[in-house]
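Quick setup: one chain, the form predicted on its own, written in structure tokens, and binding and motion questions come after.
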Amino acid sequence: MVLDVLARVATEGAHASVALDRALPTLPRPEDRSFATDVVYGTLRWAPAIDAALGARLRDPDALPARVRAALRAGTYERGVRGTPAHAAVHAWVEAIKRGRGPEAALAGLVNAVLRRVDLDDAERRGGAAAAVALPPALWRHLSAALGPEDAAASARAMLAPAPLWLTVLGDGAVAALEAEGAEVRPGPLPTSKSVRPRRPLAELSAFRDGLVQPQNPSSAAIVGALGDVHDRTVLDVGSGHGVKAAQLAAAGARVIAVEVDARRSEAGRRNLDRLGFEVRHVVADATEPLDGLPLVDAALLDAPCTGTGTLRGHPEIKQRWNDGDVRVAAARQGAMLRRVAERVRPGGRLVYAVCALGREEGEDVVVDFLAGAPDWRAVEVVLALPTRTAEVGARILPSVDGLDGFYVAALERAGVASDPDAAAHS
């Protein structure tokens, strides 16, 4: 099963989380599901380093069948990172290839020979600083230019470590309900964030079914705080997705308009907010175009689509697909969205721009370009409940070994006198 998931990610462009979620039900034992999850995510996180090490033992790894290459990667991860004894790791993956289809089985001997000799120490010798922190060279240069080599390396290493299951508490009695069903609950870096180790799948827990908790990384949760007090204010949540931040805003007393370009994601957000028990207005619209149908609002949150380089821990397949062209396309879209969303914020209002990407192009460059053409807007200090690193404009949350994702955040205010919020809500 693991080899099929890894092969789908490599050859079909599948998301690891989606492919794994579909495959895990075929494994009846919890320990097998846990092992498969660790090997899939771990192999993908370490793939650039693993490939550099395998390159010392293989003449043309790209020519190998996808499942054979997956077995070599997974075996190297088990030996070099997970610490599985060599004989056990080699035997398991050789046997998996022996049971393979067509010419695949004939390569079991190659898998045996390579896995017995592969050494992750070869990664840095062959691939330099990028391979040492398991990044493709172009992505390493991109992050180094934005963060400096030291912070780029620390961030990349941090995202190699698995994160706990982070839950945001949105209802009373959540912790008690989780613990009553055997979950281990530990405090997170925010009062509403909890690190949870459940004994059963999350969807089966009453705290989830009853809308008391929502999966969310604390970095994502912290961004909402940059808007300040939103009680009794009308707030746009643009790029709302599954409605996670819309739920936070509604819980804080805001009147929320959730804007999402994808109708299916908007409907998924509607269902999720129904589960959580919050009333939110949902609008399907392309925020790169004028949003004339929406009212002027007191505040707006734009969590813009991005290349996701601050979330490599949870989306490690990004490492295999990232390129400069995608960054340029994302930055152009982000700039267009920022200009259109700003048009809907009343004088005196606030706009928070955020991306889960760490490069300058999708961060401060977008905001600086916007401010250059918007004399009635200014950047203000970003105040978050997590440690940040100051940027030219705005700030970054850097990925951490204890499970925080990376984000860029900017807080902007529009000049003018604040109007009555009720009037703004109906304008």
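We number the residues from 1 along the sequence you see. These figures come from a predicted structure and were not determined experimentally.
Absent from the display: the form predicted in complex with a small molecule. The rest refers to it.
With the partner removed from view, which of 105-113, 331-339, 345-353, 163-171 is the stretch that lies within 4.5 Å of the small molecule in the predicted complex, judged by heavy atom distances?
Result for this chain: 331-339.
Examine residue 286 and determine whether its closest non-hydrogen atom to the small molecule in the predicted complex is within 4.5 angstroms.
The answer is yes: residue 286 has a heavy atom within 4.5 Å of the small molecule.
Looking at the partner-bound form in the predicted complex, is residue 303 within 4.5 Å of the small molecule by any heavy atom?
Taking the distances in the predicted complex, the answer for residue 303 is yes, it comes within 4.5 Å of the small molecule.
With a cut-off of 4.5 Å between heavy atoms, is residue 260 one of the residues that contacts the small molecule in the predicted complex?
Yes, residue 260 sits close enough to the small molecule in the predicted complex that at least one of its heavy atoms falls within 4.5 Å.
So in the predicted complex, does any heavy atom of residue 241 sit within 4.5 Å of the small molecule?
Residue 241 belongs to the contact set for the small molecule.
Go through 98, 126, 275, 265 and name the one with a heavy atom inside 4.5 Å of the small molecule in the predicted complex.
Only one option qualifies, and that one is 265.
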